[in-house]
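The chain that follows stands alone, in the form predicted alone, written as structure tokens.
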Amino acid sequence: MLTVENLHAGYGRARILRGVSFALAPGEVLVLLGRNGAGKSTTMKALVGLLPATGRIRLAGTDIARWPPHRIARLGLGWVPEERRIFPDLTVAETLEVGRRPARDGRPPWTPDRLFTLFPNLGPLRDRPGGRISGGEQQMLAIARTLMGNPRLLLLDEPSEGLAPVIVDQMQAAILALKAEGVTILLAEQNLPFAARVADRAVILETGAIVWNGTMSALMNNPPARARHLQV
């Protein structure tokens, strides 16, 4: 579904990513792990075309490197940024309509009713403005809005950050439900227990380079690697 080869990117003269390479199979959940500033969010911004980057990025067999963000989105790359970026004056239902795009690849399209099943908290709030729902509900709405675009690949940047434990559990259930439907997900996280419950494989970034790449179970069975690359 996604192949990244020798990706370099940064902000102005500041180089953040240094030769990042990884691949993501259809239906897989891959998590990018690392300390603050390791390059997780920068990787996602480079993938969606928001940062100048060099290297190869292939989505579903198409090289999208140096494409503008709107073309990348139309091809099927959906991104949920860390900031959520909810429209505060639009209702939940209106926000979902903003994200609506045609179905692709013969899959059933995402609809508000399907998304209210995935995120039960949102159903009773369908007529409430996005600025008047909780942070956890805004995170669910941001993911639901992106799914309305029927993406081939879903990028989630720190979906558990700042959420109450009960909402984190609901977010975990939603990601596992998406995984069961065959949705391909690239996740950036610092919450290792959360990542361990939802991800198939893990890539650890450190100062913009990959220092570990393997299965999630292998990482959880390797305390020295976790201590060396993830502990603060």
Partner chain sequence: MTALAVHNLHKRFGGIEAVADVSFTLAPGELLALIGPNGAGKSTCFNMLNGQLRPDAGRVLLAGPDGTMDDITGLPPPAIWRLGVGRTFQIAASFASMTVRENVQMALLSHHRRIWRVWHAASRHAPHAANALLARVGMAAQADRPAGELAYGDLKRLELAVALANTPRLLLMDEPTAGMAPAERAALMALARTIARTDGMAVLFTEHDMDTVFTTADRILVLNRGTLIAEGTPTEIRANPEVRAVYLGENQA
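Numbering follows the first chain given and starts at 1. Keep in mind it's a predicted model, so treat the numbers as computed, not measured.
One more form of this protein should be noted, the form predicted in complex with the partner chain, which is absent from this view; the next part is about it.
Enquirer: Of 160-168, 180-188, 57-65, 22-30, which is the one stretch near the partner chain in the predicted bound form, taking non-hydrogen atoms within 4.5 angstroms as near?
Expert: That would be stretch 160-168.
Enquirer: May I ask you to state whether Q172 is within 4.5 Å of the partner chain in the predicted bound form, using heavy atom distances?
Expert: Residue-level check for Q172: yes, a contact with the partner chain.
Enquirer: Taking the shortest heavy atom distance, is R35 within 4.5 Å of the partner chain in the predicted bound form?
Expert: Yes.
Enquirer: Test of understanding: in the predicted bound form, would L230 fall inside 4.5 Å of the partner chain by heavy atoms?
Expert: Because a heavy atom of L230 falls inside 4.5 Å of the partner chain in the predicted bound form, the answer is yes.
Enquirer: Although the partner chain is absent from this view, report whether T111 comes within 4.5 Å of it in the predicted bound form, heavy atoms only.
Expert: Result no; T111 lies far from the partner chain in the predicted bound form.
Enquirer: Residue by residue through 106-134, tell me which have a non-hydrogen atom within 4.5 angstroms of the partner chain in the predicted bound form.
Expert: If the 4.5 Å heavy-atom criterion is applied to the partner chain in the predicted bound form, 106-134 yields R132, S134.
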